[in-house]
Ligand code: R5P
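Okay, so here's just one chain, in structure tokens, the form predicted alone.
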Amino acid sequence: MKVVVVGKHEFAGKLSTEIDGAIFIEIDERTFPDGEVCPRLLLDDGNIMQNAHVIIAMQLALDQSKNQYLISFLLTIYNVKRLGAAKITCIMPYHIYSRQDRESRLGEPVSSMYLASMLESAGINQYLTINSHSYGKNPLSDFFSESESISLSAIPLVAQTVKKLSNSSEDILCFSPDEGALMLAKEAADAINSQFYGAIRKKRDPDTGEITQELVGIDISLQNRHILIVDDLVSSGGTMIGAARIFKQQGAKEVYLGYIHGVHTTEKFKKLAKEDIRLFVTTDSIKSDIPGLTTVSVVQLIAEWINSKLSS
């Protein structure tokens, strides 16, 4: 079965070069004055989608509306289905609405479930993302009932990049900024052969949203240690700032931040960068060009998974 990769050059075009025998079709997205979007496939042959395995890979831009992004994605899925695609793989590097995966307060939508339903109704057969906010072996399976779903982890990639850029011969201890993400700290530690990993206990007031943090379960001195704080996403940066300050108060020599999805604005990152933190490393799951933020690509990680599926 022929493989067609659909998306924009910056991400999907690069991905297509890493997938065996893939054809690349670019999307030209037009936005009308009233805000409606029209994602057009730049086709030379109207039959190219017929009986093809179409991989739609769309990277969210930092300044792009997530709602506009979603509509563009859905329209593209419906479009390639209409043009005869036999199989559709949806690649959404940053899984939007993933934080709303349960009803925290009465009346809230379970948005992650509804998103999956919309994508499946549009016609996808596979869904792939990078580090969905719901943790577990394959948590997306709770929401995608009619299609295969997978969340690949870029934590090892981020941790290894931090280790390389730090130029440190000393062991880097890995921590998550809350106990719920402890598995990410362990994954980072394993990736760089660190001897220790841990977490910070975080409590959020359900009414005010105020967060308090404390270091727990630590039975070694952090004096003059190198610390890597890892998380799946950073938005306001408040949690990471609080965590970094805790480690500095404990005498840490260097603090590094590694996270998968940089949801923060440039202004929020500038506030984060004012802290006593040596390195900031994230991935290109979201397109941004913020000065001072090191970005590593997840394209190869995605391509390896796709190629393994195509060859099996």
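All residue numbers refer to positions in the sequence shown, first residue = 1. Note that the coordinates shown come from a computational prediction; the quantities given were computed from them, not determined experimentally.
Omitted from view is the form predicted together with the ligand, to which the following refers.
Proximity to the ligand in the predicted complex holds for none of T161, K163 and E254, with the criterion being a heavy atom within 4.5 Å. In plain terms, the part of the chain that comes close to the ligand in the predicted complex, with a heavy atom within 4.5 Å, is 200-208 out of 121-129, 147-155, 163-171, 200-208. Contact check for R225: no non-hydrogen atom falls within 4.5 Å of the ligand in the predicted complex. The ligand is not drawn, but in the predicted complex it has no heavy atom within 4.5 Å of Q100. Residue contact check for T239: one or more of its heavy atoms lie within 4.5 Å of the ligand in the predicted complex. Interface residue remark: D178 is counted as part of the site for the ligand in the predicted complex, having a heavy atom within 4.5 Å. This chain is displayed alone, yet in the predicted complex one of T212, S141, S104, S235 has a heavy atom within 4.5 Å of the ligand; that residue is S235.
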